[in-house]
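Take a look at this single chain in structure tokens; it is the form predicted alone.
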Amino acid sequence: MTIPVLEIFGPTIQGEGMVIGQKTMFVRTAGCDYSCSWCDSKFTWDGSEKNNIQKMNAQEILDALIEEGGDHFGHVTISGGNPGLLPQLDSLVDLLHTHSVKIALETQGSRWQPWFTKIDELTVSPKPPSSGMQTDFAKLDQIIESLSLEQKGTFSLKVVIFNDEDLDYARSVHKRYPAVELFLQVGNDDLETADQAELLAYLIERYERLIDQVMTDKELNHVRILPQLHTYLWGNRRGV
């Protein structure tokens, strides 16, 4: 089966989650079962770029990665949308591993795929109230349990924080899965600003506020607090 691909780019750095700062290539797939209010990649699911979707098999994707990145990469991030919708990604995961390429992937934990257990660095990022989405915790429980038992690589949880209600949600997630490493990441709610310096100052202010909140919270003594690093460097630009 072919894989719906919207973007292949890099090498660049990973700006989010447990692999922040990692040199990586990106494969962005199309399609999502969510429609988060603040999504920074709505083009993957809102139909605006449906004519740009390429149906590619695993070998074609690998060839495109090599054409774009040459021999300057050993790590690939599979992004979306929600790549967790695609059972056929199993073929790409296996092919990349045969070429000694490590793989990172992020999904919201709404669907389970057996190939999740093969991912080297898997981020499960359930969406907080500000997204407008509802977490199916029964499904998320099943996914976390399966990963805890079967994951060959590493996995973690990440919650994006936009407001105090989101932080409350993150606390509840942390209490529910205390054995899983949790990353809190500041959300970017300004996706239109083209002035990079203005956006950077705004995002740093939000990051500092979240740090201050967590420092005085005894329930969050074992979390990591992250910026969205690529927005600090390139603002709201795509393909970087």
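Source: prediction; values computed, not measured. Residue numbers here begin at 1 and follow the sequence given.
Form predicted together with another copy of the chain: not shown, discussed below.
Engineer: Answer for Ala194 alone: is it within 4.5 Å of another copy of the chain in the predicted bound form, judged on heavy atom distances?
Structural biologist: Flag for Ala194 set to no.
Engineer: Although the partner isn't part of this model, could you tell me whether Lys152 comes within 4.5 Å of another copy of the chain in the predicted bound form, counting any heavy atom of the residue?
Structural biologist: Contact with another copy of the chain, no.
Engineer: Even though another copy of the chain is not shown here, does Pro129 get within 4.5 Å of it in the predicted bound form, heavy atoms only?
Structural biologist: Close contact is absent here: in the predicted bound form, Pro129 is far from another copy of the chain, nothing within 4.5 Å, heavy atoms only.
Engineer: Does the 4.5 Å heavy atom contact test between Phe137 and another copy of the chain in the predicted bound form come out positive?
Structural biologist: Looking in the predicted bound form, residue contacts with another copy of the chain do not include Phe137, since no heavy atom lies within 4.5 Å.
Engineer: Among 49 to 57, 29 to 37, 170 to 178, 209 to 217, which stretch has residues whose heavy atoms lie within 4.5 Å of another copy of the chain in the predicted bound form?
Structural biologist: This holds for exactly one stretch, 209 to 217.
Engineer: Just to make sure I understand: among 213 to 228, which residues lie within 4.5 Å of another copy of the chain in the predicted bound form, judging by heavy atoms?
Structural biologist: Contacting residues: Val214, Met215, Thr216, Asp217, Lys218, Leu220, Asn221, His222, Val223, Arg224, Ile225, Leu226, Pro227.
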